[in-house]
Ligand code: RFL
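The data below hold one chain only, encoded as structure tokens and taken in the form predicted alone.
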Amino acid sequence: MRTRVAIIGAGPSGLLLGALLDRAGIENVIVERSSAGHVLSRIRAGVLEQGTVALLEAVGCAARLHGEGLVHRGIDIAFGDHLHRIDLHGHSGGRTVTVYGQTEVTRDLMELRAATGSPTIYEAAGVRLHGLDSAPYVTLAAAGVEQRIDCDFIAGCDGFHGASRQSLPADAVRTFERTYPFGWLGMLADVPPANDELIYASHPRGFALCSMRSPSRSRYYVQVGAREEAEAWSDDAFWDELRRRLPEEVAERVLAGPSIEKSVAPLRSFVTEPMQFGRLYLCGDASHIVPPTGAKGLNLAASDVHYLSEGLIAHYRERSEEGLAAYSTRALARVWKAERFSWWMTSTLHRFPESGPFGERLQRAELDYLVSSDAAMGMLAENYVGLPF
């Protein structure tokens, strides 16, 4: 098989890149090691920046998002048993975010790709990347048949554990990492949200987050130890702990219900530099991971795809190599700003075992300053709604 761009990974970044290339008339093939059903079973956050929404609009994949997504103009920060609203819209020049689940984004993009007829190979085993610095190709086995895909470029959109990042020569990249000493225990339940907007809560017992997927489905999180297991928590124990960490006025509005999904997500920051090697370009989690506190993971993947698609389109339409040559530099400039913001949100809102009383006082001072300073609220709002692509 021969194509122009081989995309490794059929998550939202791979599918979005495929859609942007399809619209530009650039032939591409997506290779995914899992089944389509497994890809859709991954439950992830879904706070979309306006830039991400604009990309979905550009490929004609935003109708259901606009019909079902929840546009938010602010968030609440809770501490000291009080809610403090941050006006994202007012402090960011009129910008907003949209709550729409990543699973739904993936589903919409899958349906779009099926409608266009562009090929996707699911359940691809033994995916390997070759010839990255000259004539790239991908080998795999699908339905027991060995296949080879020759291509001009490879886009690695297959996550941290995928074949793309693993194919980089060790001496060609540098990695930066921070592992946090806690995780998030998250629970999804079919109950109405406790609040119209997200609540980020800092409490002596630990961080908590009140989020939602729809007016009838809620997603809640509590900070737990890094080695905590979801199975150790009953639904009742989760609801009790969540309420303890929220202001009384919010705790009274939390409606309990049976969990649909419950899991513990570790928190870490990770960056690979550069994001390209030869004719391989990394996107999303294949190159960087952020703590979920700032809602940047999916949005960073979308901005990566934006930069890479621009470079590929310029290559084929104008025979210009400038966009591809600058891809890593452009993407990393935004990645590191998002890493900084996610680190700041995490550090400001969570309890760190080693901080001690002095650290706790500094954290409280940071929160007091945040909710009393227009400049501080403006910094949060500008970053939360998303820096320009």
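Here the structure is a predicted model, which means the values were calculated and not measured. In case it trips you up, residue 1 is the first one in the sequence shown, and so on.
One more form of this protein exists, namely the form predicted together with this ligand; it is left out here, but the text below deals with it.
Determine which one of 84-92, 309-317, 276-284, 227-235 lies within 4.5 Å of this ligand in the predicted bound form, judging by heavy atom distances; exactly one does.
-> Residues of 276-284 come within 4.5 Å of the partner.
Proximity of residue 17 to this ligand in the predicted bound form, heavy atoms at 4.5 Å = Residue 17: no, not in contact with this ligand in the predicted bound form.
Though only this chain appears here, would residue 127 touch this ligand in the predicted bound form if you measure heavy atom gaps against 4.5 Å?
-> Within the cut-off, so yes.
With a 4.5 Å heavy atom cut-off, would you call residue 8 a contact of this ligand in the predicted bound form?
-> Yes - in the predicted bound form, heavy atoms of residue 8 and this ligand come within 4.5 Å of each other.
Flag residue 332 as yes or no: does it have a non-hydrogen atom within 4.5 angstroms of any non-hydrogen atom of this ligand in the predicted bound form?
-> Residue 332: no contact with this ligand in the predicted bound form.
Can you pick the one in 202, 272, 102, 223 that has a heavy atom within 4.5 Å of this ligand in the predicted bound form?
-> Flagged contact: 102.
Which listed residue (208, 132, 189, 163) meets the criterion of a heavy atom within 4.5 Å of this ligand in the predicted bound form?
-> By the 4.5 Å criterion, the partner-contacting residue is 163.
Would you confirm whether the three residues 26, 28 and 323 all fall within 4.5 Å of this ligand in the predicted bound form, going by non-hydrogen atoms?
-> No, the whole trio is out of contact, none within 4.5 Å by any heavy atom.
For the heavy atom contacts within 4.5 Å of this ligand in the predicted bound form, list the residues of 288-303 involved, in sequence order.
-> 292, 295, 296, 297, 298, 299, 301 sit within 4.5 Å of the partner.
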